[in-house]
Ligand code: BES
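One chain is shown next in structure tokens, namely the form predicted on its own.
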């Protein structure tokens, strides 16, 4: 559903349109006298005595054409709390026939001016729908005009819009069906990001073979589609300081290959490229808000299909790093894509740190459900920064163990390592332990297994179901708090 937001100093039609006002958590309305008529104030004063004040948002129908909507703010409300209120507002009014509102920011007292920005930001994030392939699309529009002095600054508005556009771009990519967003099309879409100021390099199969990226190419060799490595660079600093690096798994559709998945729910494997989509959305938002950092995003784009030339269980591949991998299960393919991408990123860009994201294992869903992403890292500082950022914006991560004792589970008799643990157990940890072997120069590194977070059947606080865009806001927060 489209959301139109306008910012003005005043509005001459304020008595003709639905009005949004903020009050304290006890619904003390005495501060509203100067914002509404005396008749409206008396009307609300009378009705509020018999109203359930446990709700955060209360609506009073003044007439058939006008509502007064009171939004209660807790004394110590956080930015995340304001976003949730905005999302709740959307849920309550998305189907209303009269969807034109005035939001009076002057009704806020002794609260950060940014609160209105976060309220509207949450509303917009919640409003996302993917209707590209529906013949009948949502017709209702929500239009909000924000008046008063407590509006977000122009800088804040640019930031909010950049994060929204990055998150929506991620959601769009994850929502596309596999017959549309195959690796060839994905690479083309990434090329279009040049207009946002990103430097884009696309490495096709011919180049990847020459580079020796055989684990990445191995995953895609059963598909008629191409395989690619794409780098996206944002240089927000004039100096040549080391960039922050973000690496994403982009398996556009995952059948499991020769180790074929069960048919039930295989349609969901369109979102096995969500890790790459997060990296893309993040890089887009960094460029749009002109972030004062140097950053690079690297994504491996493949399709895992059981074709006549497909990778077989038992095949041995030589990775870009030179290490060899025995492929015991072709459905453990994401780590093969990331293996080459991680080593290349570390060698090519020599970054301050590397964060990779992937819908890597079903085991992480067993462990953490859809409340936390699994965090695996070789660096306590980076881990703590990610945990803190996740708590602040409620895209949470939970640190899981890495230990040399797990190595024996992925050591191979026939190669340097094998791509799965056949003994059983510790599926997410052994996958992360596998990835760690491709960080060759002790670069601070964190792996986020987002299998339980990238897609939601039932929706969340700031999304209405489907692709969540989880990770874009988390990594933006990490950068803002610690690296800008």
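Small disclaimer: the values here were computed from a predicted structure and weren't measured. Residue numbers count along the first chain shown, from 1.
What comes next is about the form predicted in complex with this ligand, which does not appear here.
With this ligand omitted here, the record of contacts in the predicted bound form names 324-332 of 191-199, 386-394, 324-332, 228-236, defined by a heavy atom within 4.5 Å. Taking a 4.5 Å heavy atom cutoff to this ligand in the predicted bound form, the contact residue among 271, 186, 119, 246 is 271. Exactly one listed residue, out of 360, 103, 342, 279, brings a non-hydrogen atom to within 4.5 Å of this ligand in the predicted bound form: 360. This ligand in the predicted bound form comes within 4.5 Å of no heavy atom belonging to residue 356. This ligand is not drawn, but in the predicted bound form it has no heavy atom within 4.5 Å of residue 68. Put simply, residue 88 is far from this ligand in the predicted bound form: not one heavy atom of it is within 4.5 Å. Proximity of residue 365 to this ligand in the predicted bound form: non-hydrogen atoms within 4.5 Å are present. Using a 4.5 angstroms heavy atom cutoff to this ligand in the predicted bound form, none of 5, 82 and 164 count as contacting. In the predicted bound form, not one residue of 199-232 has a heavy atom within 4.5 Å of this ligand.
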